[in-house]
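Just the one chain here, laid out as structure tokens, in the form predicted alone.
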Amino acid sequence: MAEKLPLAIVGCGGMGHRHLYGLAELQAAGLSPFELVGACDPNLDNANSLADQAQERLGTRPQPVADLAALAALGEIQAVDITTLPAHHHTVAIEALERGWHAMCEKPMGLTARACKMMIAKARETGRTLSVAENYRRDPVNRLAKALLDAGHIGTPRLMQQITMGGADQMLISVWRHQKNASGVLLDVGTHFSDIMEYFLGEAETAYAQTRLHEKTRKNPVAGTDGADSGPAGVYGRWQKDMPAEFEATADDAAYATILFKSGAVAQYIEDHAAHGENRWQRSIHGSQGSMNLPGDRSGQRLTLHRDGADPIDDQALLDLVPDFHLDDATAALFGGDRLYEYSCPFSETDRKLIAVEYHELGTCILEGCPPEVGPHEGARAVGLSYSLMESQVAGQALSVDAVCDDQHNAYQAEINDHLGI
């Protein structure tokens, strides 16, 4: 057996634990190129919690440490998985790359476009792999949708509708996701949607948006409870129970936008985490010959293809339209087939499997010297497109997404950059 790559998880809170579960999923499938040797977090209680669960799930216990210097003192490290709070992504990634380590960084890649540019420059300087853990595009159903688009089964894409509404005044997972200087919801969730839009339609050209902070006070229903099984993948309750029952939100929580793509396609985009009443989800792509309705990411539900004069298709016949479509080997092994139009498993299991795919790609990139699918360029564009909406609100006009990515429009981000000291 080939020697394993020494890996450390840096940031051992909720997301760090989710990533550990993904690594365990990859190991259980016999596909892991990694040995987890370090659990790094300034809060050693978090580091020890992750190490204990690694012992249970991986069979070995990584060493808990408080910082990257202590991590380096353990011996050879070849890669780190950065699951810290977003404000630390750029500093941890830059130091890791300088130490000669490869890195995978949770989204958003950086807290601002400027932070992303710093990360890109360091990755180029060091020649080390820097991948961004963006998993929506890796969903097998989204892979099938992309194959159908590329094969021309709805013709030339003209319009994409990406709409998510709900949340009212409730806390989304954690307090920091509602704080402008820590990563507001329009960035934290929006980078997922920005990436999936560019995955389907290519790079965005301009964005015009109205953004709002509707709910200035957020409520945490888990405060003071036992915190059991709360939040995505059931891992956040232990932290949520100690968060305040109510707190002030400072980050915009709703965006209503029109986005033009370089291909000529247009997206109607609504991301409203303060909507009351009925929750709403919609993702559809309309082309010159038909349309597709897509399900929620990580749901395993079927997409539906509509073409003029024909019955809708949502079953095995979708695969017949793309005979050359195959999932990559790791995804196929984890989800039970290389040609899927649906799958059925609990969210926590789907979450683990997709993180496992991200880890597998990281290992492949390190061992074979190939670039990641979502690398610094793609990760930075997701951040830039998300901020284009908020920068457009400040500017009162449509803005070039490329210019926002290049840090030329940064009025909304100025306070955040000052807070970061960059």
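Numbers follow the displayed sequence, beginning with 1. As the structure is a prediction and not an experimental result, all values here were calculated from the model.
In what follows, reference is made to the form predicted in complex with a small molecule, a form of this protein that is not presented.
Stretch 133 to 141 is the contacting one of 133 to 141, 323 to 331, 310 to 318, 261 to 269, since its residues have non-hydrogen atoms within 4.5 Å of the small molecule in the model of the complex. In the model of the complex, no residue of the candidate spot (His360, Cys365 and Leu367) has a heavy atom lying within 4.5 Å of the small molecule.
The partner is absent here, but in the model of the complex a heavy atom of Asp188, alone among Asp297, Glu215, Asp188, Glu349, sits within 4.5 Å of the small molecule.
Although the partner is absent here, Trp176 sits close enough that one of its heavy atoms falls within 4.5 Å of the small molecule in the model of the complex. A residue is said to contact a partner when one of its heavy atoms sits within 4.5 Å of a partner heavy atom; Lys107 meets this definition for the small molecule in the model of the complex. When contacts are judged by a 4.5 Å heavy atom cut-off, Thr206 does not count as touching the small molecule in the model of the complex.
In the model of the complex, His409 stays away from the small molecule, with no heavy atom inside 4.5 Å.
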